[in-house]
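Next up: the same protein chain in two forms, each one alone, written as structure tokens (structure 1, then structure 2).
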Structure 1
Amino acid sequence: MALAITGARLNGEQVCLRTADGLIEELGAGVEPRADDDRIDATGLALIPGLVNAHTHAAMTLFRGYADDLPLMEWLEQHIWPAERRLEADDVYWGTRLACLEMARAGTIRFWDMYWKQAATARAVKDAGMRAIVGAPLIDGKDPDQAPRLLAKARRTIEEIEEAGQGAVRPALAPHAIYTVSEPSLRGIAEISAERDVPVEIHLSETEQEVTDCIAETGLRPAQYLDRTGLLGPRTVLAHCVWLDQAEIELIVERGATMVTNPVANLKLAVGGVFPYAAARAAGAEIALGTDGAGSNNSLDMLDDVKAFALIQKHVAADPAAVTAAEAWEIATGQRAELVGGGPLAAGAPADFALARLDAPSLALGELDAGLVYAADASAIRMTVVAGRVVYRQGDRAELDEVLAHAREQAARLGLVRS
């Protein structure tokens, strides 16, 4: 059944939006709902593009509040990775279902995920009604002899994600980082990506130590080294990108790769630097925003992250106009990075959007972009729609209570919560 959103405000005027087959069929002031439409009265609500979380580890909602306040590598090696070795499919399924609810509650319609038990993630996304690009972490411990095994696994994960996601999920290849994956494996992943036209997501230049080690081992900085492997290209999404220099930024732009900044996670893990947004923008980079996982953020609310992104960039530039609210909002909704998805609302576009409450204190006065970026939180989102289906409606707790109960059970099984 088609969905008709009536009475919503868009760019200052009252409009009607109609969906059909997961797309926006009509949108405008003169559009009228049809007799058989499923109607939603959106009077007093603003129609806004959905947010795109361009880098996260969804099932790590189970790890929220576990092993906090530690340096990145100590956090990973001594706490997160040992716990993750105990993960089972049900853990990942319910952790991802909880993540989907949390993201939808704040207006997110699509996310890029890198996590274990990828089929369980894909199934959870499908069941939640969300969209996602999912990749399984690929790690060979930098052992070149393990490359054939890792590349065989990479091919299997593509098939598993496609089968489990049933159209709601697009597969990705997800080599973890240059310090956990050997060069032969990175080269092979680049070849599979080209062969299958599958995107790649990888952590890059998150810490200064990563840069120092890469130069010591290869004589190159991380982006240059990734380019040597053939993995820096238009299908590649680079998460973090904190410690890039100007030459690397220009190389990334030349190759057409996408940079994703994760400001809140980087602040919490104290990586010691800030994403060089001004230089990346000046070079013409494709730029997106992500939360990282709930183990390191600890929130999946993109409204939190877009504010942090804008304020940090203003601060480091010593210029309050360094990033405008409208610009930050475009980045958060995927409109400054074609690969990650998202975009403006228009006829023919995917029917993915949110409705924000104009009576919320944060949005009742002033410009909408400024309210969304600098003031709003998830409480301002009344409804989120993906592919023409309502996936979140404020006040509806039936699904949330079920998902929370299962997530708590799985976290307890893993020893991640207090008794």
Structure 2
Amino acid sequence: MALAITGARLNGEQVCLRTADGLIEELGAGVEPRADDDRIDATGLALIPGLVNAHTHAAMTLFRGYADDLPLMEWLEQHIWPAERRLEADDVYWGTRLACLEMARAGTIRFWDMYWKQAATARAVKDAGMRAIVGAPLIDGKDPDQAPRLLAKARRTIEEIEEAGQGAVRPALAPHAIYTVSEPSLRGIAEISAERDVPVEIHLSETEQEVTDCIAETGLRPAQYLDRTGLLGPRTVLAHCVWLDQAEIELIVERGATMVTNPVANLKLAVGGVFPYAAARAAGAEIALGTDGAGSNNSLDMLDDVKAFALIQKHVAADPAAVTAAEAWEIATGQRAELVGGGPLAAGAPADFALARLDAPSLALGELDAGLVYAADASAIRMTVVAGRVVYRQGDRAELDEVLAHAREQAARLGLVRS
């Protein structure tokens, strides 16, 4: 099926975008729809690149609003982990379906996921029509004896995710963190990643405790230690990156790894620090943005996070010009991190994009970038297209109602009921 989006605004022009085989075939002011195209009249809509959520735990939509406002360890140990031990594939499937819809309705086209029951995640992504990079959390409790078993599991999950995702999903390796995975396992994961050309997602330097512990145990700061394991490379995405020092930033840039900032989750869990964006940008880092899971955000709406990113960075720099709207928008759409994102919309690129309403109060006046970053919410998104298929159309509720009914059932099964 080929789409023809007609009359959309792009950089001050009215353009037509035609898709074929999931790619943008033609895009421009002079492009004409063909007779057998499925036409979408985009008059009054802006064509925008989709948002890329570079770090989340999608199925945690089931945990939204469950046990909020608690200290991190109490939240995890007394609430989240006990509930997660009861997780079954159907929970993850419906939680992820809900996450996909939430992301699509706010213009997100692709996400990086790390969660249990990864085959169910991959199936949900495929069924939702989204794209994702999916990794199973790899944890060995820092017991080196567990490494062989963990690495066997790592290899197995790659096949499993690939099979379940049927082309919609790229498998990743997701060692949870340096404080939950032994060094032999980290080294082994680096080898599998290189051998299979599979990306790696890992939490890095979310809390100051992680840094203190790492130095105490290894004499190295987290990024330096990760480098020793071979995992700091161009295939690796580092979530959080709050407590990096200058030498670590330079090392990460040298190795070509991507830094992902999760501003809302960092503020909500009160990790105490802020991603050192100014230093990372000055060093030429690859930078992307993520929501983290709905348990610690509690939204998967990247329009929320791009605003929070710009605001907190302006605040810590004590400079309203520290981040511009255009710059924040590029980061949120993956255009500042090669591994995570893509280039601008152009012929030959994947047909992944959104259409934003220029008659939304947030976008009706003023610069479009500023409107998207500082003012827009999901109600400004008219439609989201992934791989040339409409995955969200404002006003259609049938899929959402079905998914919500299932998600409610699964949440009830897990005992996550409203008080």
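Every residue number counts along structure 1's sequence, beginning with 1. What we label the rigid core is the largest C-alpha set whose atoms superpose within 1.5 Å from one form to the other. All of these numbers come straight from a predicted model, not from anything done at the bench.
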Assignment: the form predicted in complex with another copy of the chain: 2
Rigid-core frame, C-alpha of Gly341, shift of 2 angstroms or more between structure 1 and structure 2: yes
